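Next up: a single chain in structure tokens, the form predicted on its own.
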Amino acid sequence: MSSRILIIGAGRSSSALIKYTLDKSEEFGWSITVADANPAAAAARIGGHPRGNAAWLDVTKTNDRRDLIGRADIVISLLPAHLHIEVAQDCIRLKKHLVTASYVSQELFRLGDEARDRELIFMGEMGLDPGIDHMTAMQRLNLIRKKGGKIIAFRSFTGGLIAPESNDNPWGYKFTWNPRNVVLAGQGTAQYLENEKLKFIPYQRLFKTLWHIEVPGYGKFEAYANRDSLLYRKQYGLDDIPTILRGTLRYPGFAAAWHALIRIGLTNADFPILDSAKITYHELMEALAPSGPGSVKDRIAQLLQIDPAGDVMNRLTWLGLFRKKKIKLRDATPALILENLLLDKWKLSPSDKDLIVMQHQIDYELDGKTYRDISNLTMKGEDATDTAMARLVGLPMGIFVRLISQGQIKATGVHIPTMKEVYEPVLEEMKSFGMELTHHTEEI
């Protein structure tokens, strides 16, 4: 059946999704509309394709939004998570299917009955993390269950990083997704289960509490806990599991330096700094440093109780935090000042390749022995536009849209991709885009 597909958002993660839907549009009779507040960005993504159409959309303008949604059959929202709910309510009212890559909020889950009544599928968490992590985890968990294994621990780690050959800054990091989410990552309290005990890690300890993993071909990584590892116990069928942990991967040394930014106060989004446009980064650091003798750098090192010539201070200095250069942002919070600085310092160069790394560790008991099933997924991007992040976030959504348009999805209501009818065909097609999961089992 032909489908009219509306993609809302033409930002960082949209390129692979838009290309996939345009590539398939002839075969399936699709027409694709890409709507964005910057219609030139949408038009650039479409690249003159005859079945593509760029549209201007300020998503806060209700009538414009409803007009575009009303003319679609399937809506893919790439908006920031807090804006999905209004799109979802419009999709209920106008009887349209909805796909997003963001975490499903409580408000979105509450629309489940209405979506079911209208025979609609609202699929959230259909990207990378959340998304491919759910699908690959469910596939492995179900295989272990099928052979009679009793699952006793589940740990899952994912990181959007920079490939070693493009890693040319001391942080080992560049932006491949929403910079604001990176700056505000971990705020709140992380929770997980360890040997049947509930564990909490408050923000001020999060980047000091690390796990270390190794991935063949890429070496060692460090991981910090995601906000709530317990969210998926029920959906993964792991209600009685004694250990469950989900974490974010970074190259070694990143967490210690990020912990320093938190302690200094640079991730604080609670108060605006009056006249911030007129002060320099050096003056901001002076304002955040303890009083006393010595340079601002020395006093910041004292505050952090670290070597003034060590690795962490080198990373802070490289960011330009001690330069006498004007901030040029009006009444900005420290977090916004930091984000603005990082946007420049952690920008992908046109030829940079990004790297996605994911590892699942599943411990299980079988025939009186205990085993660990380890799955690794790695994928490199081609350049700053064709990123692994855009592929692994966008392609699962594109494939799922194909499944809806071909009538292959029977489920209705609000879901995440933990059902076999979703994850089997999506993961199978993802192989043709170079996504391969390797796994091995060891006795422990």
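Note that residue numbering follows the sequence shown and begins at 1. What you see is a predicted model; the values in this text were computed from it and never measured.
FYI, the form predicted together with another copy of the chain isn't displayed, but the following is about it.
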ask   = Quick one: which of 138-146, 73-81, 296-304, 340-348 gets within 4.5 Å of another copy of the chain in the predicted bound form, going by heavy atoms?
value = 296-304
ask   = Is there a heavy atom of residue 188 no more than 4.5 Å from a heavy atom of another copy of the chain in the predicted bound form?
value = yes
Close approach of residue 263 to another copy of the chain in the predicted bound form, 4.5 Å, heavy atom = yes
query = According to a 4.5 angstroms non-hydrogen atom cut-off, is residue 277 in contact with another copy of the chain in the predicted bound form?
reply = no
inquiry  = With a cut-off of 4.5 Å between heavy atoms, is residue 320 one of the residues that contacts another copy of the chain in the predicted bound form?
reply    = no
ask   = Within 4.5 Å of another copy of the chain in the predicted bound form, heavy atoms considered, which of 310, 272, 242, 179?
value = 272
request  = Work out which of 288, 163, 374, 104 lies within 4.5 Å of another copy of the chain in the predicted bound form, going by heavy atoms.
outcome  = 288
query = Three residues, 198, 204 and 268; all within 4.5 Å of another copy of the chain in the predicted bound form via heavy atoms?
reply = yes
task = Go through 409-430 residue by residue and record those having a heavy atom within 4.5 Å of another copy of the chain in the predicted bound form; state none if no residue qualifies.
result = none
